[in-house]
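Encoded as structure tokens, the following chain is the form predicted alone, with no partner shown.
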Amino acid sequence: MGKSRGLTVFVVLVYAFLFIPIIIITLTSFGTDSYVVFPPRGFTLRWYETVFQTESFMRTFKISMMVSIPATLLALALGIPGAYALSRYRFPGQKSLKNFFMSPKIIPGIVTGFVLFQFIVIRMGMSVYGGLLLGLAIVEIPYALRVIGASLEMVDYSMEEAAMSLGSSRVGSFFKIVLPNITSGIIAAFMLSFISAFNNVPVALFLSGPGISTLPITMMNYVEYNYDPTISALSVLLMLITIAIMFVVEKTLGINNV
């Protein structure tokens, strides 16, 4: 009984730690004061109107979408064959190679951003947009490897062997047998990678440049000079968009079965 009660208290504290900041942000977004105050006084939708009237928010939101989606697709294009190779083959140094692919998520983001800046911008001389896209794709590859790799582990290799014994090539068996069985994993990897790329600050901060910045960086700069609830309203809108996308994906593609 004592252990059960202690576990309940621990779970309640964890949920409180996760949801209380969200509740505070949501409530402050409707306050009438010109600065963030909790509990809020009054009720207004003024700050939501300000979000759509602020040109920098709208412009950088479009840029974030234009960068995050291609970066996620590139991460998946590299991560799917990589996850397949790591799952189906055994070779010397395999564990070290896995750790290498996971390094962008292990190393602090500010360090990763600086290294990518030195390599992509200084050494390669890529454009700001191209460098930002490539940098975000690199740091999102671990999501593709982890999630898709887990899905591949659940696909029985004997089905591929059966297909190849009936005359199908390895590539053909991958597209006909494996790919349909890991669709939910690919969708899950896409969502995780996209959300992470969209919200990334350390890498985007180093790789952004004149005329090209992302929404999270613009939000950070806004907070530096303004203390009104506009950021709270924008944060609520982003949360609602994320929840809506996840709900639609779960209901239509069965992501909950991953």
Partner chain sequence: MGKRWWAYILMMPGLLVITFFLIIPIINTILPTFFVGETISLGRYIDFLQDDYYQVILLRTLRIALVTVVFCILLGLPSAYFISKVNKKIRGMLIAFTIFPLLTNSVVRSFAWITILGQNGVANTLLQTLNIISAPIRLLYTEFAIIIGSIYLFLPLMIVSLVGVMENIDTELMEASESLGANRIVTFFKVVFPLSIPGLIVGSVLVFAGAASAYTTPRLLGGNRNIVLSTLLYQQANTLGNWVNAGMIALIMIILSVLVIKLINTIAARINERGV
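In this text, the rigid core denotes the largest set of C-alpha atoms whose superposition between the two forms falls within 1.5 Å. Just so we're clear, the structure is a prediction, and the values are computed from it rather than from any experiment. Positions refer to the first chain, counted from 1.
Just so you know, the form predicted together with its partner chain exists too; it's not on screen, but the next bit is about it.
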| property | result |
| --- | --- |
| A162, I182 and S184 each touching its partner chain in the model of the complex (heavy atom, 4.5 Å) | no |
| Candidate from L78, I177, A150, V155 lying within 4.5 Å of its partner chain in the model of the complex - any heavy atom | L78 |
| Option touching its partner chain, based on a heavy atom within 4.5 Å in the model of the complex, out of M65, M58, V223, L45 | V223 |
| Contact label in the model of the complex: L86 to its partner chain, heavy atom within 4.5 Å | yes |
| Non-hydrogen atom contact P92 with its partner chain in the model of the complex at 4.5 angstroms | yes |
| Non-hydrogen atom contact L116 with its partner chain in the model of the complex at 4.5 angstroms | yes |
| In the model of the complex, L73 touching its partner chain (heavy atom, 4.5 Å) | no |
| Interface residues of 138 to 166 toward its partner chain, as seen in the model of the complex [heavy atoms, 4.5 Å] | I138, I141, Y157 |
| Large Cα move at M159 between the shown form and the other one, threshold 2 Å, rigid core | no |
